[in-house]
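The data below hold one chain only, encoded as structure tokens and taken in the form predicted on its own.
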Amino acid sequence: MGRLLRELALRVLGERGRLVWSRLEIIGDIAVIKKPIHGDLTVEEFRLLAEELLKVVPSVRSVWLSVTPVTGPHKTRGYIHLAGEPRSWTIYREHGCSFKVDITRVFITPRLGYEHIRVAKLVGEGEVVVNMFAGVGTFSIIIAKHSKPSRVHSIDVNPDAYNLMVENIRLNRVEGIVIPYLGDAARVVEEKLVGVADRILMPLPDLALEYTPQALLALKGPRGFIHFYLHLKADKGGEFYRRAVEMVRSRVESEGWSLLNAKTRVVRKVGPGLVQVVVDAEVERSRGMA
């Protein structure tokens, strides 16, 4: 789709079309164009591009321009409606699951699709999972549908994300498996989920390391798995892979645990020179800990 967007931009805007960032996301029947950091394209120029996009991609009914990075405690972006239906909600489908989303109120990206199913395949039968930053429930529901967990405790602090997650749990018929919670993940774990989990997901890079104590608190045995998601500056030599593991090791050891095994991969590029990395960590409580 990125190549298509660039071709349309050159057709509609001429040489100024080269200023358009080629990244295009299709979320249900909504297309999202991301405003580049550099360049002086006007909103009206983006509207011309959006009208052309509607003509050549019939499945798209609404086009929006993303004008800010993901910010704030609820992790949302700023958007401008460009063309088509002035509607920000849609049904997004992934791996046989359906999710009602509102792009202006929650974080959602199709670029995490492979990561969702990859983690789901790691979950063993009967496992209890705690997803500390669940959003509208994508990770949690895909795990429930594609694995055989006992429970997936699914937490988010954003009321809009929580309400959509509750709706999506019903939509995908995973009531009783995915258990939704509204609130700060640290507090929810400390009050309700101490010692319950075999596996922890922390798919929010801004808070993953900070919330490590609560992630460890939620594990029920002397060993468990934690998936840490981090944002790191990339380098050609791949040094950031080692840095990611060492950041996780240092944080885990500061809480009296050991890092037994760690596998690292790039999840996606999030900006110029910046990547999202996941560290799949197996951890063990150090001897002598209560």
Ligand SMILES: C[S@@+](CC[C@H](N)C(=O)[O-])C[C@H]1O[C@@H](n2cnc3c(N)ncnc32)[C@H](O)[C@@H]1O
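All residue numbers are counted from 1 along the displayed sequence. Note that this is a predicted model, so its numbers are computed, not measured.
What comes next is about the form predicted in complex with this ligand, which is not displayed.
- Here the chain stands by itself, but in the predicted complex one stretch of 216 to 224, 191 to 199, 79 to 87, 177 to 185, 177 to 185, has heavy atoms within 4.5 Å of this ligand.
- A heavy atom within 4.5 Å of this ligand in the predicted complex is found for exactly one of Ile117, Val166, Leu204, Cys97: Leu204.
- Between the options Ala144, Val157, Val123, Ala208, the residue in contact with this ligand in the predicted complex by a heavy atom within 4.5 angstroms is Val157.
- Against this ligand in the predicted complex, the set Gly17, Ser22 and Leu49 makes no contact: no member has a heavy atom within 4.5 Å.
- Within this chain, Thr212 is remote from the site of this ligand in the predicted complex, having no heavy atom within 4.5 Å.
- Proximity of Val152 to this ligand in the predicted complex falls outside the 4.5 Å heavy atom cutoff.
- Residue contact with this ligand in the predicted complex: Leu112 places a heavy atom within 4.5 Å of it.
- This ligand in the predicted complex is approached by Met132, whose closest heavy atom lies within 4.5 angstroms of it.
- Contacts between 93 to 111 and this ligand, taken as any heavy atom within 4.5 Å in the predicted complex, involve only Phe107.
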